[in-house]
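For reference, the chain that follows is the form predicted alone, supplied as structure tokens.
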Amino acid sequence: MMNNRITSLFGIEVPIIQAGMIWASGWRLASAVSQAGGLGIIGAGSMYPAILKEHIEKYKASTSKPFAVNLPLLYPDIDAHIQTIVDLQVPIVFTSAGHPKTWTAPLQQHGIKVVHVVSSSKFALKAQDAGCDAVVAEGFEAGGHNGREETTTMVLIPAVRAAVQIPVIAAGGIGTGAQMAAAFCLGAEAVQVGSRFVATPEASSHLAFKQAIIAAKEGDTMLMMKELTPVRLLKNKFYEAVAAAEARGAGKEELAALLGRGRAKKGMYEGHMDEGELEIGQVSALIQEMKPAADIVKELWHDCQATLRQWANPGWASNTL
């Protein structure tokens, strides 16, 4: 167990947070992570209001451990999602893709902790000014939708840590205990891990997508569609179509038409590996096998502690040079 501002804020045992990824983060994954001592998150971005309600209810039936809901603020049914979160007494909400000031205070009035995802120290300050309890600083190595700044996690975490007084959670390119330890050394008080938890039996993603993640190598993902909404994609035929369109100077309208509707569901949930949008992070290159979510939590925490102990050893530097 560890006691810091994040573990105290959320009532969790270890400072490991599972990201709320679309088409992956249902109640089963969230429950497995929370029961292992971390914080599981249900990803509302790919859910209709009735589906979110179902997942929250199933989570609560499976465990009494703390959990959160990830809520993209640009979601069209945002009011319905907020009402569901309040009615079902969700204890923690992670917001993203919008201004945190809109919903932070209303949620906190119901006793809900609010954390906002940011891609720069400027946005971290806005989240702090909005009253957020913590921020997730997400580097551009992360999978899915991303910041336009292309700031790496290694640079972003210390910049955000220097800018705000609220706790900082590191995200983007974190999938091993050594990377988690590095995030702590840079000023984070917890890590949010996404891609590593997709390759688990509990993730709701299609098996073909999970197998593609395990097979991924360095350079197999790329940040695309910056004219529309930046998103990191695993390379496939859809990626090649986007790359060709961008190479000829396609604008927002053409990219939106190419993306269409349901492209992410087609790839990540239904398993159409050629035509689907496959959102995953750079750290997929380090994922070699499928593991239960609880095993990943234990492994991350064990290896993080081992790395920090090694770093604290006075002979560490001379032994490794």
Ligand code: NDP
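Numbering starts at 1 and runs along the sequence shown. Small disclaimer: the values here were computed from a predicted structure and weren't measured.
Note that the form predicted together with this ligand isn't included here; everything after this is about it.
- Site annotation in the predicted complex: the residue of Pro167, Gly147, Gly177, Gly144 reaching within 4.5 Å of this ligand with a heavy atom is Gly144.
- The listed set Val283, Ile296, Ala36, Met47 contains one residue whose heavy atoms approach this ligand in the predicted complex to within 4.5 Å, identified as Met47.
- Partner contacts here mean any heavy atom within 4.5 Å of this ligand in the predicted complex, and among 25-33, 38-46, 55-63, 285-293 they occur only in 38-46.
- Not one of Gly11, Trp301 and Thr307 places a heavy atom within 4.5 Å of this ligand in the predicted complex.
- Proximity of Pro72 to this ligand in the predicted complex: non-hydrogen atoms within 4.5 Å are present.
- Using a 4.5 angstroms limit between non-hydrogen atoms, Gly219 is distant from this ligand in the predicted complex.
- This ligand is not shown here, but in the predicted complex it comes within 4.5 Å of a heavy atom of Asp77.
- Heavy atoms of Arg261 reach within 4.5 Å of this ligand in the predicted complex, making it an interface residue.
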